[in-house]
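Okay, so here's just one chain, in structure tokens, the form predicted on its own.
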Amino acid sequence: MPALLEICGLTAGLQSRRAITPVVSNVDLDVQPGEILGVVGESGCGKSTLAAAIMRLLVTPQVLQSGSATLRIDDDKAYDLLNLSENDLRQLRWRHLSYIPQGSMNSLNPVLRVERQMTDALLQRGLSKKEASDRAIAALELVSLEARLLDSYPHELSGGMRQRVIIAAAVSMHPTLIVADEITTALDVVTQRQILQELAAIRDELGATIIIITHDMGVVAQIADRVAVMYAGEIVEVGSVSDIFQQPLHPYSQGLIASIPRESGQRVEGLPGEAPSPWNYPAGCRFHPRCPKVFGRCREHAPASQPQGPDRWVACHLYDQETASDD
């Protein structure tokens, strides 16, 4: 089955007067129809920039440098999101492509009622006022909210309720692909779990495909089917959630898994050092200054992604057969 979204060579950076500093570097990634793909990594690794690039929401000084992101709506319609005209992209948004932004709890206009904010985009798509209102009510029900909240202002809602309103607005047109960026940030644990359960239910009820961007491995464990691990602007490992959690291959993935407490009172080991800034990416493998398994080639040559089984990829010299025989 062809991928719903196929990202090839996506590169984006920060434009200065002298040069472009890379933030996301040559990312290749596919998203299968109906799956929930988790993109996980430490803060500053480029996850949100990747999401914004896919959605064409980069803002100055962010710039898209190269690559493609092909969205296949059905067998005979494919759109490169990175090269569409603004008008064509506008036609895809909400109807086929929807975005739940980072910090979405603060994305609601404080002086407009929820109904106005949820129905504006629906009215722009040609729905009547009644049709738009019915869609808004149905979307609220998907996230366990009552129709009466349409008359509320954002300040009258709790943080979890505002988050649900944003999710409801994003799914009101039954989009094909939803990109959700750090949607559980600043929520308590109980509310986080409820939000994730409702997002999974939306996938099941609407048949949507979801990309969830997060730094929280616990979120990925709860909701994702597959995981893409990102470090310093690069995808370093891709695999099913069971593969990644039971047998992580990349030393960075292993460090992330080791940092998750599994029982009360357990001492966890954090990753040593700090992630590099885009202005100071090291030569060779970008993880090598923090890697406990580093060897000579890692400091000089960037590893290529290598297949390690069905739907399993890792970018690490430890799994490069040619390198292993040389070293």
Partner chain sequence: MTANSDATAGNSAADGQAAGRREVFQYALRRFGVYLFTLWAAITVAFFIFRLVPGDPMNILLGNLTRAEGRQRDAAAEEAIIARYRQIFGMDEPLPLQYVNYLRKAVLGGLDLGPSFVEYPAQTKDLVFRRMPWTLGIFTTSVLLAWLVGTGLGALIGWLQRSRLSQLAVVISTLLQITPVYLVALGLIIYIGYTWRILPAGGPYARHLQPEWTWEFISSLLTHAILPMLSNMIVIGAGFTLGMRALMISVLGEDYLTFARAKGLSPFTVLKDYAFRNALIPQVTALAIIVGATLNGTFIIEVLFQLPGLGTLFVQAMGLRDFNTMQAVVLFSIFAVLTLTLIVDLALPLLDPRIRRTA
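Residue numbers count along the first chain shown, from 1. The shown structure was predicted, so the numbers you read here are calculated from the model rather than taken from an experiment.
One more form of this protein should be noted, the form predicted in complex with the partner chain, which is absent from this view; the next part is about it.
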**Message:** Based on heavy atom distances of 4.5 Å or less, which listed stretch (25-33, 56-64, 298-306, 40-48) is in contact with the partner chain in the model of the complex?
**Reply:** 56-64
**Asked** Counting only heavy atoms and a 4.5 Å cut-off, does the partner chain in the model of the complex sit next to every one of R90, H155 and I166?
**Response** yes
**Asked** Looking at S133, Q194, Q117, N83, which is the one with a non-hydrogen atom within 4.5 Å of the partner chain in the model of the complex?
**Response** Q117
**Complete:** The one option of L127, A121, I73, L150 with any heavy atom within 4.5 Å of the partner chain in the model of the complex is A121
**Prompt:** Looking at the partner-bound form in the model of the complex, is Q222 within 4.5 Å of the partner chain by any heavy atom?
**Reply:** no
**Request:** Examine P110 and determine whether its closest non-hydrogen atom to the partner chain in the model of the complex is within 4.5 angstroms.
**Result:** yes
**Message:** in the model of the complex, is there a heavy atom of the partner chain that lies within 4.5 Å of any heavy atom of S242, even though the partner is absent here?
**Reply:** no
**Message:** Taking any heavy atom pair closer than or equal to 4.5 Å as contact, tell me whether L256 reaches the partner chain in the model of the complex.
**Reply:** no
